[in-house]
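The chain below stands alone and is given in structure tokens; this is the form predicted alone.
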Amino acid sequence: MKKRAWPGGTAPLAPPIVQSSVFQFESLRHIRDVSEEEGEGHVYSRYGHPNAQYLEEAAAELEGAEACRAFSSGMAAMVCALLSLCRPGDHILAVGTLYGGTHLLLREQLQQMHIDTTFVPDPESAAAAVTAKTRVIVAETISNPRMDVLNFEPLAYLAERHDLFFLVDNTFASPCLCRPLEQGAHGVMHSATKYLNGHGDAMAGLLLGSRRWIEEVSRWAPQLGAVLDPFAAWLVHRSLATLSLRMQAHSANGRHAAEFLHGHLKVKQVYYPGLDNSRLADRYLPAGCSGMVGFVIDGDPEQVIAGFEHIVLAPSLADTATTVSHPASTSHKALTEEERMRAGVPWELLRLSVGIEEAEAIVADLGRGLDRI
């Protein structure tokens, strides 16, 4: 947290919540200077406000980016990112399994704007799908919900060779575990609702990258009304102070839960990057693999979920408490059955978001649920 000057004497240790929709000025010259960014300040909160600025500065430092823009949600950030980069007739290359909302945006809404997308299963398949109209590569550091670790190297090479923008959703890793800009990405997206906030009480999105790109993105955000409100910005900024500690706990508990599930007779498959000495996990996630675990059960998901005493069914992730979701009926329900199966999201797949409770308590509850099969 940077030290800040404060008018009138001592500054509060915690930044205040500036819950104002508009700001006052001394003169027409003053408002012109601020509007044209020749002076410090804000004009109207749809364009920006102090709490968003605090968050953007802190997040940019964490991610190692020149600049950051905050949004009302992760999807708002993704929409503005792609609209800033593509025009009708352009082409996007989507690599690996993506969050269902992103998949739907690429498959339907952007298609209506005559922006086409080709979906390929892995980075090794990407080169063959590049066309003269390709402008952007979209991928996730840790895929949702199979937890595949992205191989950055071939995509960074492809982006450089064909002058493509390489955009990475870093939500599942956070900048504490991976910084995609250091691996060849040009832009990073976060659903800050998840690990960056981590307390289940605010919705937010972030885009990070070069100052030039963020300036372009910032032209779209106010026109789409995608601004983050001051209180939500304050909550996420508050949470960044504990992000490193939380990610250590999430990662340790995630490995513990994955190892338990891997040895259980009623679990057919476990997806967790740190489980099998993954070369990509060692290279890109040396500090930990987060708390996200996917597992395919040999039975009915409804029975397992009903058996949990403490693990809550919740269609989101990254809270301090352990939760479980069913991707086929929540995050990936917009996919057709054929698309789900191709993406490796069968009905029997559950996605565990491992919290920061005692590891043994989490494992015990997992056992209770699985015993119901």
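Heads up: residue numbers just count along the shown sequence, starting at 1. Quantities reported herein were computed from a predicted structural model and do not represent experimental measurements.
Same protein, other form: the form predicted in complex with a small molecule, not shown, and the subject of what follows.
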Contact segment among 294-302, 245-253, 70-78, 126-134, judged by heavy atoms lying within 4.5 Å of the small molecule in the predicted bound form:
70-78
Answer with one of Trp213, Tyr271, Phe152, Tyr99: the residue that has a non-hydrogen atom within 4.5 Å of the small molecule in the predicted bound form.
Tyr99
Check each of Lys194, His91, His186, Arg179 and return the one that places a heavy atom within 4.5 angstroms of the small molecule in the predicted bound form.
Lys194
Should Leu208 be counted as a contact of the small molecule in the predicted bound form, where contact means heavy atoms within 4.5 Å?
no
Is Met203 close to the small molecule in the predicted bound form, meaning a heavy atom pair under 4.5 Å apart or at it?
yes
Does at least one non-hydrogen atom of Phe172 fall within 4.5 angstroms of the small molecule in the predicted bound form?
yes
Contact with the small molecule in the predicted bound form for Leu317, defined as at least one heavy atom pair within 4.5 Å: yes or no?
yes
